[in-house]
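First, one chain by itself in structure tokens, the form predicted alone.
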Amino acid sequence: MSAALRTHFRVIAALVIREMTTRYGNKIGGYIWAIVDPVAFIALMSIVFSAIAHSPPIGRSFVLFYASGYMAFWIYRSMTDQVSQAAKSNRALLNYPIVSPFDTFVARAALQGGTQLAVCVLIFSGIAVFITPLHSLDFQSLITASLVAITLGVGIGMLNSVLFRMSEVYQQVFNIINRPLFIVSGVFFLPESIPHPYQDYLLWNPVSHIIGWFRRGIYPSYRAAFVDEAWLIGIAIAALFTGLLITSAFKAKLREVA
């Protein structure tokens, strides 16, 4: 391993530790909140929709259905949000030539990925123990869908880190457009239940494919035939490649203090 590569690893490790201290603090309460937040939201959705409908669209557990949708969405959304703010949050450190914007992206993505893994394991383990058994999980689908969500989130996050820096208007427009994404991505419903041609419009949203792919890993009988794996992987890789190109081209802009 070259000296330059070892230096980058040490920088990234230091950034991860700094991010952990900044985000979660030195107290256990900070880490607990990372779990309580999605759990509370899933519980709220389950209570509200169980009062409206007799049974969820798949299976018998409202909690499992909404957890399978929300966690898949959360993996993408939280990764995008964290990476898009990585350079800005560490701008003071970017004054040092040894620290690059790319290091901050990798550190944020590594910490958020580890957090996502821990939260998903804890939530679905809790569901399996206290609510409903989880039989015949398809770990290949769960892992692949999660990795695609992370890749897409990192790519869009890097792209946004530059575009947010260059235009506050773009940031406001992106946030406005991104708000309905939670509603139209299939967290609350199955895309198959939407009539044509509206279903076709919804399926241009890659996050709906991520959620369907993730749910396929939870429910053995759910085919999610609408999921286009090749197209989704291509979109995620294209987003990552574009993010790398843009941040490389505008890394000097990301280092600017004002």
Partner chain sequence: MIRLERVTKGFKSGRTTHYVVRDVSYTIERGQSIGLLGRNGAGKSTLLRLIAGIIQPDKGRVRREAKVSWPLGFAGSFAGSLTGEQNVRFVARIYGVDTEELTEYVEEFAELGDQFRKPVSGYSSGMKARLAFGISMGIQFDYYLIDETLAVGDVNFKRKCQEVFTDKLSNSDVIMVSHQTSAIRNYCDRALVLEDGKLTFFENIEEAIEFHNRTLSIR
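Just so it is clear, the model here is predicted, and its values are computed rather than measured. Residue numbers count along the first chain shown, from 1.
Missing here is the form predicted in complex with its partner chain; even so, the following discussion is about that form.
For I17, a non-hydrogen atom is located within 4.5 Å of its partner chain in the predicted bound form, even though that partner is not displayed. Its partner chain is not shown here, and in the predicted bound form it never comes within 4.5 Å of any heavy atom of A109. Though the partner is left out of this view, L94 does reach within 4.5 Å of its partner chain in the predicted bound form, counting heavy atoms only. Its partner chain is not shown here, and in the predicted bound form it never comes within 4.5 Å of any heavy atom of T242. Considering its partner chain in the predicted bound form, the lone stretch of 149-157, 85-93, 114-122, 184-192 in range is 85-93 [heavy atom distance within 4.5 Å].
Not one of V63, I127 and S136 is positioned with any heavy atom within 4.5 Å of its partner chain in the predicted bound form. Along 193-210, no residue reaches a heavy atom to within 4.5 Å of its partner chain in the predicted bound form.
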